[in-house]
Structure formats: structure tokens, C-alpha cells
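Below, in C-alpha cells: the form predicted on its own, a single chain.
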């Protein structure tokens, strides 16, 4: 398992201890697997935030933020000791105080921990929570996958009814549709831990008969976690999976009934879905319903890249020290969602901030007056713009037009001496002299915020 250790920063070539690097030193780059989210991409991220907040409000979910650093045992116990996340991808280390901690690789275990720790199981049930934030996995960086990635999700704790599973699928469907994507959801049922254990035995027997076709990694999965073989995207495994036993044949009656009710709810809500008997998800805590979202695409690689998924995890709360509590949830991979949005809208750019009034000035003393006046407009709630660093009036007026200002206030040396300002109508080109102390009041009247007689 990857661990961190204290690493002394490398000195720039040709520098002594404490000395500034020589001219021409190599610029520092982002750490492998990390990246900056630049202003040009922010409109997509902002849109996602707006949609998540709107859906949470519409469906009655409350926001929760969990810490990025947790006790590592939370994920070993919650996610599963023999999952790829814990075995290969967990950022973990020992603190100077001897604590074994990890950066969160997902949020369901953290939310269940918070649910138990803060006594939310004593609140009226179910508890509906949503989140959005960064997560970390020591994964092999590749296209669309980062070591710091972002997820947003919804969780319902304290309710076992199949309608919750269906509603969570419906919410995630609505989020993706609202963002302009054409999503496809694949669904399956893993049943109870007992029925899954029986299915594992059948699966192991099948793959042992095909052992000569398995890779070394496949053989390790067969020993440690045979269900993970069904999660493989390797071409040779696709052929083997087509012959493998299906978990639906091993489900107990209660799980079958639960799953059929989920599908009936989806049919009633007209949510299109595909049954996938080999869908298992990569985490040990899932029970009964599981599902994954994909984007409809002619590109085979894109079509196989999940946008997110979820399912039911009825045993996780008890596993983490709480009383038995049914629960279900989902998470969407926001990096992949943004990638799809960029494919669909390649020409999206950051929006220029629109303002009602723009402050222009000539000279240092006038700039000081304009700096103070800007704060007065801001506190009055009037969108205001400026270009204080520009000296020329032409450049400032160009900036005013760029920001769509309705009015411009111009302050020069004469206006400073007279205690006045020029108020210019940017559309008509007309202007008038106003008392600088009444500039905010005059603009409010022009904008119709107060009556002209006031």
C-alpha cells in the first residue's frame, strides 16, 4: 500500500542553502496526477454546483461536509480490505503522534461514520444528505483520471423501502439530464451477504475451470475477491463473463422482490435502464440494488467510462459501529461529467461580469476618490466595475463597454477639486455633473431603485 514520507525539497541546480535560485531555474509543475481547474473550465463546474444545489433543495436533502483526512481503518473496514481502493489506491501515512490516517478515497464510509458519531440515527428517519468535494486515490494517472478528483452525491440513511433506490436513480438521472447529457443507467442486484456468498462459490468454481485463460491479476482476484472479476474491462474477461453464472439466479426471494419493485418504480417514472447481470461495483459494502451511469456515445471508450453509480449498503452502519441501518446512495464523478460537457460545448468561455456602473478616473488623487466610491456602490448592492490600473480614459471606457455598464462615473482633477463627478449615460452618450457625495443616490434613481422625487 502506498505510504507517504517526509521528503526534503530538491534544491535548484547551482544554489546554496537559503540562496535564491539562479536566473532561468526550471518552473515548478503540478504533482503527478494533480491538475489546476482553470477559469476557462469554471462555467462547467459552476453549472454542476447549481444543478446539485437545486436538486438537493427539490428533494429535501441537507448538505454535509466530511473531513478530507480520516482514520485509515474507516476505509479498510468500510470499503473492504481486498478492494483495489484499499490495496493499491489509498493515500495513507502515520502522523508524528502515531495516528494511522488516510485521505478520503470516497465519501459513503465517512458519511456513515458521521451519522453514527453525531447521533443522527436518533433523528427522524430517513436522514437525507448530499455532498460535493475532492477525493484522493493513488491511481495510475491517465486520460480522465486524476489522483485528486471530485464527486458529488446523495445518501439516504434509515429507510429500507425499494422506492428509495428508485428515487436515487431518478435524482441522478435528472441531474445528468439537467446538465444536457444523455445518460444510460445499468442496474443489477447483489442480494444479501448470504446469497452473494453462495454466488461467489459458483463463480469461483466457474473461473477455476477457465484458469488457463486468466491473467496473474485475475488469479489474485479469484482468490481474494472473485466478484471483482466481473468488474474487469479487459477484453478477454468480457468473453469469459458472457459464460459465467449470473447472480440473479442466486438471489433470495426477498432480494428478488425488492429488485422487481425498484424496476417497477423506474418503469412508472419512465427512467430508461438496462439490466446488467454482471454489474457488481468495486466496493464491498453494497447489498441488493447497484447501478452505474454511462453517457450515450458512439465512442467505445467513452461509452465504457462510468459517470457515476451507487446502490444500497444496508450492512455498512453496523459494520462501522452503529446499529443495523438500511441505507442507499450514489455519487457522480464530476471530472468525467465536466469532460463530457466540454465535448458537448467546446466553445464555452468564462462570462464577463455585467455591471450597472463603471468608475473611471484620471490621475492619482482621482483614483483614490474612485477607490472609496467603489466601496460605497458595492455596499449599496449596485454591481460596479473598474479598471484602476489603466491610466488612459480610452482603455477604461473600453472596459466599461466590455462589462455592459449602463452608466459611467468619471472623476478627474477638476472634479476632485470641485467635489463632483461626471455621470455618463453609456448608451446615449449624454452626461451631467453630480455631487460626488450623492453619486450612489443619483445612480440608484437612474436605475429605478428609488423614485426620482426621493
Ligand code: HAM
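Numbering follows the first chain given and starts at 1. Everything quoted here is computed from the prediction, not taken from an experiment.
One more form of this protein should be noted, the form predicted together with the named molecule, which is absent from this view; the next part is about it.
J.: Does residue 139 reach the named molecule in the model of the complex if we count a contact as any heavy atom within 4.5 Å?
T.: Output for residue 139 is yes: heavy atoms within 4.5 Å of the named molecule.
J.: Although the partner isn't part of this model, could you tell me whether residue 339 comes within 4.5 Å of the named molecule in the model of the complex, counting any heavy atom of the residue?
T.: Residue 339: no contact with the named molecule in the model of the complex.
J.: So in the model of the complex, does residue 195 come within 4.5 Å of the named molecule, heavy atom to heavy atom?
T.: No - in the model of the complex, heavy atoms of residue 195 and the named molecule never come within 4.5 Å of each other.
J.: Does any part of residue 307 reach within 4.5 Å of the named molecule in the model of the complex? Heavy atoms only, please.
T.: Answer yes; at least one heavy atom of residue 307 falls within 4.5 Å of the named molecule in the model of the complex.
J.: Only one of 216-224, 371-379, 149-157, 91-99 has heavy atoms within 4.5 Å of the named molecule in the model of the complex; I'd like to know which.
T.: Stretch 149-157 is the one.
J.: Identify, from the list 325, 107, 287, 188, the residue with a heavy atom within 4.5 Å of the named molecule in the model of the complex.
T.: Of 325, 107, 287, 188, the residue with a heavy atom within 4.5 Å of the named molecule in the model of the complex is 107.
J.: Of the residues 358, 115, 75, 313, which one places a heavy atom within 4.5 Å of the named molecule in the model of the complex?
T.: Checked against the cut-off, the match is 313.
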